[in-house]
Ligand code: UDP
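In the block that follows, a single chain appears as structure tokens, in the form predicted alone.
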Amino acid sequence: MQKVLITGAAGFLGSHLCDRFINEGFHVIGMDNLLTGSLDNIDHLFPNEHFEFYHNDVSKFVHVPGNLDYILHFASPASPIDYLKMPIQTLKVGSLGTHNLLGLAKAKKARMLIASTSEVYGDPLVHPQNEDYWGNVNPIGPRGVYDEAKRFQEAITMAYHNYHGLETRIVRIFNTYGPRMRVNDGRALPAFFSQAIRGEGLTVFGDGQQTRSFCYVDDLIEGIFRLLFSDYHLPVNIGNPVEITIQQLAEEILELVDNPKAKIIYKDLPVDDPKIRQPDISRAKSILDWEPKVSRSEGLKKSFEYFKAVVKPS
């Protein structure tokens, strides 16, 4: 049985990855310091003899006994509300944490996949964004701690690939949603669902015309799985290329939740908030034979069922 280490295992994406690899017949080692993750996301896995959990901060050290075939590095605060509160931890997990895990991968002769992000493109001047675009990032702005942590993560991963011949993969993840998102993580979709269910104002920043492209979590996990087992080592965008405005997303969620108390309210746009965001997924299509399958209407309905269960109405 092959072994995979998944960092950030108790988080939104990490927990879904744990499920996928267990279902595929792997022995899964989950690792998380629970800074933003929750054991609730992986409670169902603890009775499984092929799952084990390490409560550990990868920025400090990483030790896994025995053989290891794959490492997926998904540990990091991932929403603006988190990395603005925890800037140093965000920088450390992207730099020191990645360095520690690359060292482990080298020692174990394991293949390592890192979770990068569309944030490496910053507030893009190219639209849609393809992997050859270098980005437009403010390194000292409030979002810089996350953007630059991920850009460094890509750089050191490529250095280990080129210098040590390490088997590496880089996924650039665009906006993803679905069950197990944290209710209070500050991102648009969980905020809108929570506010609509409670009958509060849905907070739209600016005029709501900034765009995002939302990918349902099952589609994203499939893309990551295919990338890990591909022969391609350069970055690959994984996301849904269907672009919508934040205003449109708020309206769709209002219609779905159908709470007459909930209305859209407007607030000032945060500093360096990207105005456009849409992945060019040509590379994923050609190399991985991957594209999203779940429509936004279907994905939002599935997400609504989850948020109804975890958000208490006012």
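Throughout, we count residues from 1 along the sequence that is shown. As the structure is a computational prediction, the values presented were derived from the model and not from experiment.
Heads up, the form predicted together with the ligand isn't pictured, but that's what we're talking about next.
The closest non-hydrogen atom of residue 192 lies within 4.5 Å of the ligand in the model of the complex. Taking the partner from elsewhere, residue 148 is found to have every heavy atom lying beyond 4.5 Å of the ligand in the model of the complex. In the model of the complex, residue 205 approaches the ligand with a heavy atom inside 4.5 Å. Although the partner is absent here, residue 119 sits close enough that one of its heavy atoms falls within 4.5 Å of the ligand in the model of the complex. Screening 87, 135, 128, 186 for any heavy atom within 4.5 Å of the ligand in the model of the complex leaves a single hit, 186. A heavy atom within 4.5 Å of the ligand in the model of the complex is found for exactly one of 179, 80, 144, 124: 80.
Comment: 263-271 is the region of 30-38, 263-271, 56-64, 281-289 lying near the ligand in the model of the complex, near meaning a non-hydrogen atom within 4.5 Å. Although the ligand is not shown here, in the model of the complex the stretch 207-241 places heavy atoms of 210, 212 within 4.5 Å of it, in sequence order.
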